[in-house]
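Taking the form predicted on its own, here's one chain by itself in structure tokens.
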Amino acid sequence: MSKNALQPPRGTRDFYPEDFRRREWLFDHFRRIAHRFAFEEVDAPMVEHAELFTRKAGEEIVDQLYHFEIHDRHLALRPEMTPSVARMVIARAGSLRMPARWFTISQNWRYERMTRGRKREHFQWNMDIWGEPEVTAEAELVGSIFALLDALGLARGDVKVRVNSRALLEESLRQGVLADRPEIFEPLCIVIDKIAKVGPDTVIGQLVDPAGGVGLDEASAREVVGMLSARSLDEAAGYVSPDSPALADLRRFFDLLDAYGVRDQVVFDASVVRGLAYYTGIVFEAFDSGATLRSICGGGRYDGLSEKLGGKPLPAVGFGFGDVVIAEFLADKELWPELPRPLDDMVFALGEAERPAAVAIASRLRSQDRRVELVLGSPKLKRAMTDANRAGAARIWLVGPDEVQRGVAKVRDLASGEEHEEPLDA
């Protein structure tokens, strides 16, 4: 067997016990906040029909699929959870109580270039609201993001959320570059989403490239990129009519954030458009304020996704919050808690003759929902005591021939060193 075969594939991870404890600590926070906001957990297969994810050519995610064909079926590991949840909603759209508030914690796969905070396999907390057209849904989701950041111990100001609206951008371009070609809006968004990564000149070049799917003239491309520099609603308002519905939605959204107590943590940024084609309205991304990492989470409104997948039109909004970036950020802030192995009791038989009594003790303790390790081999007492301390047990139960004869077990509290006896049949 090659050495490579004994390593996890590049971009994936092994989770040893100490890693898994951190992962579960984080997932517990995801679930606690979701439940606090009255969301219900759902799940779906990790493998889906590939066409569920190949909605729009040009999206990076399409080129990053882990996909394969088997028995004349083209399947893919899910790169994101939203289409799977959309498929589930479509299947029961007629019977669901709306708005449906669902969350997932899913493992996703994308074959992409790796950087700090970016792997090819990651877990992601998704929160989605289906059936609510008002921006109250967006405000509720942004409120839940800050509730989670607070619960993780991050200080206000450590993370900022940047907000824009695709609907506002579309309105801004409707009388210009989209006047005769409305169909180029989605591929245009995919290109301009890269501006922070590749810079404005490269984006302009891709917008004017005849083979790129957008095909603007240079003046129009520069106009589009110029709009992305707006950093306030008042500045963005100059590109649309005073009665713009998208502008009104954004103003109401920011007003609602005041009620959640997070308005000062959220800023307007016209360069945020998100890289997936299905977004239709307000979009947002959370970044560490020091800009040392890629986005911590992101999402927005995608009212057209259900219809694109073959269902009836249904308003929807949601976000995805990955585990990799937040893990890096918590490490940078030294906020990971000490997470020792959870172990209540260790039970040790001094000899094989005493093992049945030790098994009975362990079984009784386990029936009380205690975490109990029964020493399986035949180590020396000193070794068993050392192992119990290293394992983090609260106490050790010692069963020797004298104890069995008297019908008791010796119990030592490993923190205080105090000992007492318990009846074997207690």
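Computed from a predicted model, the values in this text were never measured in an experiment. The first residue of the shown sequence is 1; numbering continues from there.
One more form of this protein exists, namely the form predicted in complex with histidyl-adenosine monophosphate; it is left out here, but the text below deals with it.
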{"query": "Answer option from Lys160, His122, Arg101, Arg355, heavy atom within 4.5 Å of histidyl-adenosine monophosphate in the model of the complex", "finding": "His122"}
{"query": "Partner-contacting position among Leu293, Val208, Ala76, Val324 - heavy atom within 4.5 Å of histidyl-adenosine monophosphate in the model of the complex", "finding": "Val324"}
{"query": "Contact test in the model of the complex: Arg118 vs histidyl-adenosine monophosphate, heavy atoms, 4.5 Å", "finding": "yes"}
{"query": "Close approach of Gly318 to histidyl-adenosine monophosphate in the model of the complex, 4.5 Å, heavy atom", "finding": "yes"}
{"query": "histidyl-adenosine monophosphate contact at Arg87 in the model of the complex, heavy atom, 4.5 Å", "finding": "no"}
{"query": "Heavy atom of Asp128 within 4.5 Å of histidyl-adenosine monophosphate in the model of the complex", "finding": "yes"}
{"query": "Segment assignment from 79-87, 218-226, 242-250, 341-349: heavy atom within 4.5 Å of histidyl-adenosine monophosphate in the model of the complex", "finding": "79-87"}
{"query": "Residues of stretch 7-28 in contact with histidyl-adenosine monophosphate in the model of the complex (4.5 Å, non-hydrogen atom)", "finding": "none"}
